[in-house]
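Only one chain is included here, represented as structure tokens and corresponding to the form predicted alone.
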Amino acid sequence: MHHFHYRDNELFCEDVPLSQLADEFGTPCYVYSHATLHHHFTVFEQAFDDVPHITCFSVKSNSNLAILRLFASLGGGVDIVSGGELYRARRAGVPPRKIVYSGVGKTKEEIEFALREGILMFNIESTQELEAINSSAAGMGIRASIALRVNPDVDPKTHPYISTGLKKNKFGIDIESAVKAYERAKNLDHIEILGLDCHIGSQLTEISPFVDALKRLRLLIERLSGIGVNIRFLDLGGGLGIVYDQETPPHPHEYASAIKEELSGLSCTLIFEPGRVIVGNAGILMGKVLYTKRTLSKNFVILDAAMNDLVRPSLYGSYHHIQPVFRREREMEMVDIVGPICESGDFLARDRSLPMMQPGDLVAVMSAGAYGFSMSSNYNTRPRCPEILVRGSEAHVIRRRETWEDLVSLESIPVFLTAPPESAPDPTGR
């Protein structure tokens, strides 16, 4: 569910008309519903109320400080994959003991930053990383708390780019090698084994892949117990899907019920890393029609929003429902919805049936709260758009629109290039 709805044929976010936000803040812009964010996080939390757990929001899905602060205020932690995400989490007030650090390529500087901050644990993805973290901890005279990320070779039945639990994926240690890796970790002086980690993919719409992975993890936990390794935290990752089009993902309570049944009798504290399921339907990208263009083979609606603002359709072929901010009685037509980027791959939808659009019309690209702004860029030297958080009848700018000056503020021209350009003949011959 979400709090974007029509009133008298105008689309609102909670109690604020989107046209008002367009007038005040311009387009394109991201708009988030506080009520939806709060509700989704709370529902997920409540699904596991009766078992020890930590809900560690996946920062990569949406890293805005205000959103991280909201989830921290509700008792949540975070799952991070970079030093920058750790910096954001701490700036947002997330307690270090509710932070888990995943990712295959942690640098020495990032590892040491996390050790200084005292995070709950590293989710280690390779034996070389294990040795590197042990070395960094030794140099600091401390012990690093870790879990090993195990790859259970389970097909998540999702897009191959967001599948992470198969043998061919770059993530984790294959389950057959896990016992040997844990034996090595047990013998390292500056490593403390806390847990076991597994994440099989994103946008999963069936429970069976989760259950298949759990069965394999439970057997592994029993084997580890036999060699004296006590698993206190079981990190089950994230991946629960949302509705973009016609999907029917399980409700968090259904997901929780299956997990609790499969893990009955285990004494671990569970860690979850939800991202998309919390923020996906809580945000939209709003854009404005610049032009319409009709050719012999295609009709185009050209927006001021583009692939640099929302890359998922271009990158994954992902579907986002697109609807007008004002519903009007107009003839329907089949169109491609595209942006101003100088790439044929710059589209938000292809062959989509929509009411005939006119320049100046506003459109809402739905379900853009996850992997929307966080994957945006400055391609074609386009300033990134603002992020607006709506709470009831109030709108708050939680990230301002970038300016052209922002785009060049980190760049410099070396002295040898500061001399005036040499005069050259006028190519026009004038």
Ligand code: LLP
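Heads up: residue numbers just count along the shown sequence, starting at 1. Since this is a predicted model, take the numbers as computed values, not measurements.
Not on display, but discussed next: the form predicted in complex with the ligand.
A.B. asks: Does the trio 68, 309 and 386 actually contact the ligand in the predicted bound form, every residue with a heavy atom within 4.5 Å?
C.D. replies: Negative, none of the three is within 4.5 Å.
A.B. asks: Between 203, 136, 145, 314, only one gets a heavy atom within 4.5 angstroms of the ligand in the predicted bound form; which residue is that?
C.D. replies: By the 4.5 Å criterion, the partner-contacting residue is 203.
A.B. asks: Of 209, 249, 238, 77, which residue is found within 4.5 angstroms of the ligand in the predicted bound form when only non-hydrogen atoms are counted?
C.D. replies: Contact check passes for 238.
A.B. asks: According to a 4.5 angstroms non-hydrogen atom cut-off, is residue 151 in contact with the ligand in the predicted bound form?
C.D. replies: Residue 151 lies outside the contact set for the ligand.
A.B. asks: Find out whether any non-hydrogen atom of residue 58 is located within 4.5 angstroms of the ligand in the predicted bound form, and reply yes or no.
C.D. replies: Close contact exists here: in the predicted bound form, residue 58 approaches the ligand to within 4.5 Å, heavy atoms only.
A.B. asks: Is residue 375 a contact residue for the ligand in the predicted bound form, using a 4.5 Å heavy atom cut-off?
C.D. replies: Within the cut-off, so yes.
A.B. asks: Considering only heavy atoms, tell me if residue 283 and the ligand come within 4.5 Å of each other in the predicted bound form.
C.D. replies: Answer no; every heavy atom of residue 283 is more than 4.5 Å from the ligand in the predicted bound form.
A.B. asks: Within 4.5 Å, heavy atoms only, one stretch in 346-354, 107-115, 271-279, 213-221 touches the ligand in the predicted bound form. Which?
C.D. replies: Only one stretch qualifies here: 271-279.
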